[in-house]
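Heads up, the chain below is alone and in the form predicted on its own; it's given as structure tokens.
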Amino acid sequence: MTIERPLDALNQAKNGAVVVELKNGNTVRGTLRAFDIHLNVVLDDAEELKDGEVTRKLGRILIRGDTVTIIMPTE
């Protein structure tokens, strides 16, 4: 599958682990379940990270797209 648009990259990452960096400096890791064209994302098994360490477990969350700076698929 080729990546022609940014949302194609997110489609490839769907149901996989991602790290989401937010405008406020927070980082969240979880399994990408859904997203829309505004980059609103739903993560399962989400965890908040600080300096690479888990600070709290969040479970299933919705992150509003206007707070997202980076979404990185992980292996």
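Heads up: residue numbers just count along the shown sequence, starting at 1. Keep in mind the model is a prediction, meaning the values are calculated, not measured.
In what follows, reference is made to the form predicted in complex with a further copy of the same chain, a form of this protein that is not presented.
Although the partner is absent here, Q12 lies within 4.5 Å of a further copy of the same chain in the predicted complex, judged by heavy atoms. Within 4.5 Å of any heavy atom of a further copy of the same chain in the predicted complex lies no heavy atom of T55. Taking non-hydrogen atoms only, K50 never approaches a further copy of the same chain to within 4.5 angstroms in the predicted complex. Using a 4.5 Å cutoff between non-hydrogen atoms, A17 does not count as a contact of a further copy of the same chain in the predicted complex.
Interface residues of 8-38, taken as those with a heavy atom within 4.5 Å of a further copy of the same chain in the predicted complex (partner not displayed): A9, L10, Q12, K14, E21, L22, K23, R33, A34, F35, D36, H38, in sequence order.
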